[in-house]
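Presented as structure tokens, the chain that follows is alone, the form predicted on its own.
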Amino acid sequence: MSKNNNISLGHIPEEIRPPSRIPPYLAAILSAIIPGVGQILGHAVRRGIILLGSFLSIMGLVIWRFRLAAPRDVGVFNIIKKGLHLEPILILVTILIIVLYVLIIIDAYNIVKVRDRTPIGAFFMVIIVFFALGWQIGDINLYTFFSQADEAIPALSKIVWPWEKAITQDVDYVRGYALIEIPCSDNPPPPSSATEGEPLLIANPTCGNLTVDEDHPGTLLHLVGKDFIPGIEADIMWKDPIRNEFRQRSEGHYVKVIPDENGDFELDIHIPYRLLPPSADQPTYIWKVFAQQVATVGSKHLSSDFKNIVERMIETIFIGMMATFFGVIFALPVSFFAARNLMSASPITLVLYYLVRAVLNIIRSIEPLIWAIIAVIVVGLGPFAGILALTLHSIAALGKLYSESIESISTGPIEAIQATGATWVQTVMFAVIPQIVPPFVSFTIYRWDVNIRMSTIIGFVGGGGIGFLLAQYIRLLDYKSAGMAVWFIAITVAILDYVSAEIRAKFV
């Protein structure tokens, strides 16, 4: 077998690695003092630096997590004791660090003694320790996830199938009132009288006292309802003297009643607890108790939420389209100044190259969400802020991608054009542009797809588009409307993916 065939995974021929400056036992001792130093002096410099940097990073993270777990404790022993008590996973992390420390010492001994073998145990343990730290830093709790996952089922079911809210009918509120005086006076209100065509609610008595607490309930009222809509649920509600309406609760549930086939019902309730402001202080108050039904009237039609989502989705598509258009317009000329093979002809152009590259890197490193917040400050809420944010990020991202495409083109046509005495502009027009059209089209389509998806996110900070509505629905726990918005986003992205694939097939 030839010398080259002896090279295999995990084995390095002895002649490739320079001889060690120190014996194996000394390498182990040095790595026991400072992890990785034994490897460095044993002519495994890169290996030692990686192990040393990893060990120091791990120790720094562990110190930070212990300090975070016990911020008010003083003394190393007290901090460690408190941290291990509050974060049991740090016990496992500590054990793994000790194992890693021992493996680094063994690795230093083996790397010097066994010249034709490269052990990987220490590196494998580094990965395990970082994973354990990531588990602790990420506060991962699988028990909570699996034990409480069923609580998300009602919300997820609304998101998965929200289309009931896409169709709606106009509603009409049917109410029957009764006046209640609190507390009783010498002249309490008379019982309600019937009005033709209107529901009637009769309360007995027509005065009483509010509930104080569970042991001191308010006056018991006997309510009789007549001429309500049969079979439709009615909520029992109150209107206080300062005109605030609230629903009656009993034993933690809202009080409801269903009228019989004649539209009648009877119900006993206690006058509820209510705290009024001092400005409303009077000897007596007139309250209203009423039964309210919600009845649908008219034909079915698309809901206002559905229409708003469609409008915002169209707005989102155009935000992404306009941002891509302006991004391409500005990124095209910038990309030529950011291509090293075009800008290395003289020191001046080379300086310009580094300057353009630096600016692009700075802009690209700031996420569109941050740019959207800045744009909202400048131009206010709305789609214009979203377009500005995505345009700025698109210029930087496309400028980098375009310039890398230019740098990877074949130099033959460039040299041929330059040999004819062509100027820099002529070289770009006839030797560079024909080679970069396919990758430019591909990158542009990809960026359009990215901008469409990002425009749904920047709406969360006021950048317009469907994200603005989605954020409102989530805050209001309106998961059906949020589900419709998510469906429209998914459908739009799927359609754009198909369209972009067709365009790419024609040009790339």
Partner chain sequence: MLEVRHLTKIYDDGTVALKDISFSVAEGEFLIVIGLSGSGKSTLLRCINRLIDPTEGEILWNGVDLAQLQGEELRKSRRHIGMIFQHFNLVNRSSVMTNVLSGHLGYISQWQSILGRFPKEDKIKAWEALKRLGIEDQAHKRADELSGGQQQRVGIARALMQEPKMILADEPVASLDPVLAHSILQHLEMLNQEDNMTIICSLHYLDLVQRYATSVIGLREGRIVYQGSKEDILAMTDEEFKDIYGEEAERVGSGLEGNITHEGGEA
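Since we're looking at a predicted model, the values are computed, not measured. Residue numbers count along the first chain shown, from 1.
The next section is about a form of this same protein that is not shown, the form predicted in complex with the partner chain.
This chain is drawn without the partner chain; in the predicted complex, the residue among Ser147, Ser344, Thr423, Ser250 with a heavy atom within 4.5 Å of it is Thr423. Here is the short version: of Leu179, Ala295, Ile417, Val359, the single residue with a heavy atom within 4.5 Å of the partner chain in the predicted complex is Ile417.
Segments offered: 101-109, 432-440, 381-389, 169-177. Contacting the partner chain in the predicted complex at heavy atom distances within 4.5 Å is 432-440. In the predicted complex, the partner chain sits within 4.5 Å of a heavy atom of Pro413.
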